[in-house]
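Let's start with one chain on its own, the form predicted alone, as structure tokens.
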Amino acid sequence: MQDTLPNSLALQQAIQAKINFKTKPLGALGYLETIALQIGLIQKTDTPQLINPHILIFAADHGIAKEGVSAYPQEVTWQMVYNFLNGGAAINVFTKQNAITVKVIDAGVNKTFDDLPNLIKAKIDYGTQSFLHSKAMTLAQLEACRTEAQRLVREVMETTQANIIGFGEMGIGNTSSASLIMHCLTGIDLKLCIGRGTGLDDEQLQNKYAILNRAVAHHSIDTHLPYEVLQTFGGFEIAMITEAMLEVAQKNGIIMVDGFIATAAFLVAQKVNPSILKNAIFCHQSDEKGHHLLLEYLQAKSLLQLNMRLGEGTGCAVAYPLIQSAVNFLNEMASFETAGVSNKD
């Protein structure tokens, strides 16, 4: 560590100097400057590149959805998978606009899919168990999620050379999972972690809180063990996103974190490996109730706040051009010296 620290410090100083001597006042590009420095440090260069951006959408069903925590029926999960594959969802519009590749992963949807372009079959089971009555998944299923996610990320990054990956999700009931993961791993009051999800009214929201409160009371778990929390309350898609993020960081890639559910998955990953924060760009602050508190807990700043709460990775797709802008100004903007512009004394 002591051998590499001076080099790391020297690199940080070199990138910061390059940013500071662009033809602009100090700090005038705001948070874009922070992102440029972050990406340079991830890639260990003052001329970083974004290569083959991908968004991986993990889809799975949740046993808790049958308990009345969602405004939509469980069938919407598989129907939306087909919508993604047919190019009709918001994520398809935004990724097409910004030249981002989308892959959809069946992590555990309650549906058998044929072989389809851009669909990756990694089904662990046809949905989790209801965590109102038992752990959401077995330990073997959790391990299978981890193994599959590691394999998928290696395959994508090695075959396409992608070095920036965003994570989306689809799964009716998954805001309930995310809320309980957040509550357990942060200690934030459960009521502050629960939002309207797919659009619950006040009465439905109260019912959701009562159900999730019962689920917490039903389990006795060690909240210092992130994988135990994930096994108890997670979904197959959340578990895969967690491990996929860890794998991207292991390979020095850039992680684009979407909204509330993706950030809950990131929270688990951060508890496993705190250094993962240096690889993460938090693309937007979701309008889902608990997200701003979760970002504050992680001491994370979001690029955008557009009152979005759709999921699917849409926040990543919308934010990506800003990440491009950060890299492009670092590489292409003239310095005072090269432009022949006078700097301040």
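For every residue, the number given is its place in the sequence shown, counted from 1. Because the structure is a prediction, the values reported are computed rather than measured.
In what follows, reference is made to the form predicted in complex with a further copy of the same chain, a form of this protein that is not presented.
Student: Using a 4.5 Å cut on heavy atoms, which of Ile221, Ile211, Ala71, Leu205 is close to a further copy of the same chain in the predicted complex?
Tutor: For this set of options, the contacting one is Ala71.
Student: Of the residues Leu41, Met308, Ile276, Leu298, which one places a heavy atom within 4.5 Å of a further copy of the same chain in the predicted complex?
Tutor: It is Met308 that has a heavy atom within 4.5 Å of the partner.
Student: If we define contact as a non-hydrogen atom of the residue within 4.5 angstroms of the partner, is Glu337 a contact of a further copy of the same chain in the predicted complex?
Tutor: Because no heavy atom of Glu337 falls inside 4.5 Å of a further copy of the same chain in the predicted complex, the answer is no.
Student: Verify the contact flag for Leu139: yes if a non-hydrogen atom of it lies within 4.5 Å of a non-hydrogen atom of a further copy of the same chain in the predicted complex, no if not.
Tutor: No, Leu139 is distant from the partner.
Student: Is Asn110 a contact residue for a further copy of the same chain in the predicted complex, using a 4.5 Å heavy atom cut-off?
Tutor: Heavy-atom contact with a further copy of the same chain at 4.5 Å: absent for Asn110.
Student: Considering only heavy atoms, tell me if Gln97 and a further copy of the same chain come within 4.5 Å of each other in the predicted complex.
Tutor: Output for Gln97 is yes: heavy atoms within 4.5 Å of a further copy of the same chain.
Student: If contact means any heavy atom within 4.5 Å, which of 288 to 296, 60 to 68, 310 to 318, 41 to 49 contacts a further copy of the same chain in the predicted complex?
Tutor: Answer to the contact question: 310 to 318.
Student: Looking at a further copy of the same chain in the predicted complex, which residues in 20 to 36 have at least one heavy atom within 4.5 Å of it?
Tutor: If the 4.5 Å heavy-atom criterion is applied to a further copy of the same chain in the predicted complex, 20 to 36 yields Thr23, Lys24, Pro25, Leu26, Gly27, Ala28, Leu29, Gly30, Tyr31, Leu32.
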